[in-house]
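Starting off, we have a lone chain in the form predicted on its own, written out as structure tokens.
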């Protein structure tokens, strides 16, 4: 399961970041921020292809010693970043894809709320609950 989940706006400012454990929150902010360079690189590489058949799932952005960072971009250029623990070898690529799909569907529900202003930080309890379900449970 994920140790950090972030939603980054088109203009590269965070709309939502949640991490477990909370004492490493600054480290995860840094990890998510540095992953945006890789996301931009992958988006521009896909844009140059002939068919321009855009895959929303970007896959593994980069591994670190402790974590693996995965990326996903919506059609509106909102970026999702999921950081998982490197020691979790049982997590497959299709499970990461389904986590992103679930996150994207929940994000769409937040954006469809008439009381939410696009560009504002996400403060939905439903969205927070779905993200909590994807996070590592600490005992």
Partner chain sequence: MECPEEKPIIYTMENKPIVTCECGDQALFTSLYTTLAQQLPREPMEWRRTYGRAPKMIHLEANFVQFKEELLPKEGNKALLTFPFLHIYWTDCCDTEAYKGSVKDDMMRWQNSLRTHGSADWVIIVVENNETKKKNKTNILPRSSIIDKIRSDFCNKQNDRCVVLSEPLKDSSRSQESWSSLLLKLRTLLLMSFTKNLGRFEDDMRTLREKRTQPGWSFCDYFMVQEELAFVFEMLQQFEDALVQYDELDALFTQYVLNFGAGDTAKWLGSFCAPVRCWNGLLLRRPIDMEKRDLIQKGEASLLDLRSYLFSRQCTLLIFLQRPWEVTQRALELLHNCVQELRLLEVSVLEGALDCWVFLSCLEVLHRIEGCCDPAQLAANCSHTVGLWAYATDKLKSLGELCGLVSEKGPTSEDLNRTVDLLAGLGDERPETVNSLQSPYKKLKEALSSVEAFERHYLLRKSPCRWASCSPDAAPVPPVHSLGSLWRRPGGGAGTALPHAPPCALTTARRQHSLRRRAKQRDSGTLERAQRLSHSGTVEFTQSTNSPSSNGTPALDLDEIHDRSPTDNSLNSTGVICKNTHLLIRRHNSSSPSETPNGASPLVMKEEAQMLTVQDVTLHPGINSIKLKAPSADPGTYTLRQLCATLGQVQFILPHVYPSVRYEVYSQEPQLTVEPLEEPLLAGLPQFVKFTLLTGHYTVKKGDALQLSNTESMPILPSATVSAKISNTAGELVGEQVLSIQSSEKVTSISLPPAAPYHSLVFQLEVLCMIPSGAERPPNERLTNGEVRHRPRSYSHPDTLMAAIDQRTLCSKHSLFCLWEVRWTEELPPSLHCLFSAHFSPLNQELSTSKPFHYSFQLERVTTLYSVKAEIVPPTGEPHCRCGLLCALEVHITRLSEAAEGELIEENKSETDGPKTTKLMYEGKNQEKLNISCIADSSSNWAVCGRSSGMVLMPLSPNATHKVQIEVMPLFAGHLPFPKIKVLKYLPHSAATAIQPDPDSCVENDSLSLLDKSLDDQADTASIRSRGSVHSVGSSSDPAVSSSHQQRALNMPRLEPFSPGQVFNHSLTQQVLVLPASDDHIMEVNAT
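Everything quoted here is computed from the prediction, not taken from an experiment. Numbering follows the first chain given and starts at 1.
The same protein also exists as the form predicted together with the partner chain; that form is not shown, yet it is the one meant from here on.
None of the heavy atoms of residue 98 is located within 4.5 Å of the partner chain in the model of the complex. Residue contact with the partner chain in the model of the complex: residue 66 places a heavy atom within 4.5 Å of it. Taking the partner from elsewhere, residue 57 is found to have every heavy atom lying beyond 4.5 Å of the partner chain in the model of the complex.
Although the partner is absent here, residue 17 sits close enough that one of its heavy atoms falls within 4.5 Å of the partner chain in the model of the complex.
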